[in-house]
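For reference, the chain that follows is the form predicted on its own, supplied as structure tokens.
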């Protein structure tokens, strides 16, 4: 029973970050009809800035809480500015162009990884924990730092789901995702929604990177594995589907947690790839279909 609860907590903890990452990917696909591989670079930049700024601010005499606060703000703001630049210079000209955007985003991944290596170096960085200790939940142990991040990520995911379902901006995003020409006929400004949707998705990815940095080893290639798993999650759930991204992410996290415990991590990774291949053969539009 304790093992089961421990694995469920691990699934929620890993899955909440995957959900945030996958939501960014699926929103961009839904609005712009492109697959943005460069999304991982916003995630990575945010994590790198957090991993650099927090230790530096602590050396300058800031308290741990203030260092975290400023570090998170700087990380998210830096990634958001990169997202604005990337959209205005690149993706703005490749909306609804799958081939062009694929080439552009693949090139941006190589470009940004090279820049990050040059600027931040190749060393793996870590962040001191904000809260120490381990908390026991019905016999299952979880570090206080991971539990805090898990709670924040779950709350953010719930808030994002509410924004997408209940606000005018969320309704506009969903309308453009379903049929952008019909949405324009209803008076929805497509170009403005496309830009704000891209930045909204970038912010979600940046927040995910900033949240996971304190419990990870951060490097310039930090986002690569998250990109693969986030992409698999949206393929399983259905490209462009917000509920599908959530379901796919939690499923990936569950396979990692349970497969890694009962077998080994490599077997869990193999099972994930087998699952996505079967999904593409049996139900290529994903569990919930394309948004």
Partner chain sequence: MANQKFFVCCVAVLAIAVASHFFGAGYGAKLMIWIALAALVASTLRFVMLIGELNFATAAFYGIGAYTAGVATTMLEWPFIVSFLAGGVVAALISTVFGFITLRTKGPYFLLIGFAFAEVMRIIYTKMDWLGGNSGLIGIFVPEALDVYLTPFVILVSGSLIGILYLIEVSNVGKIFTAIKDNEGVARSVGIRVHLSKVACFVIASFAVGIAGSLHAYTNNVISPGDFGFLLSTFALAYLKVGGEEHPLGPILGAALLILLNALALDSGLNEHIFYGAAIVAAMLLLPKGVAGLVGRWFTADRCEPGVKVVARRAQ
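In this text, all values refer to a predicted model and were calculated from it rather than measured experimentally. Numbering follows the first chain given and starts at 1.
Not on display, but discussed next: the form predicted in complex with its partner chain.
Although the partner is absent here, residue 6 lies well away from its partner chain in the model of the complex, with no heavy atom inside 4.5 Å. When contacts are judged by a 4.5 Å heavy atom cut-off, residue 37 counts as touching its partner chain in the model of the complex.
Though the partner is left out of this view, residue 184 does not reach within 4.5 Å of its partner chain in the model of the complex, counting heavy atoms only. The closest heavy atom approach of residue 131 to its partner chain in the model of the complex falls outside 4.5 Å. Residues 51, 159 and 200 are none of them found to lie within 4.5 Å of its partner chain in the model of the complex, as judged by heavy atom distances. A single residue from the set 110, 81, 124, 73 has any heavy atom within 4.5 angstroms of its partner chain in the model of the complex; that residue is 110.
Checked against its partner chain in the model of the complex, the residues 32, 246, 253, 239 give one hit for a heavy atom within 4.5 Å, which is 239. Heavy atoms within 4.5 Å of its partner chain in the model of the complex belong, among the stretches 253-261, 65-73, 51-59, 222-230, to residues of 222-230. Residues of 103-133 placing a heavy atom within 4.5 Å of its partner chain in the model of the complex, in sequence order: 103, 104, 106, 107, 108, 110, 111, 113, 114, 115, 117, 118.
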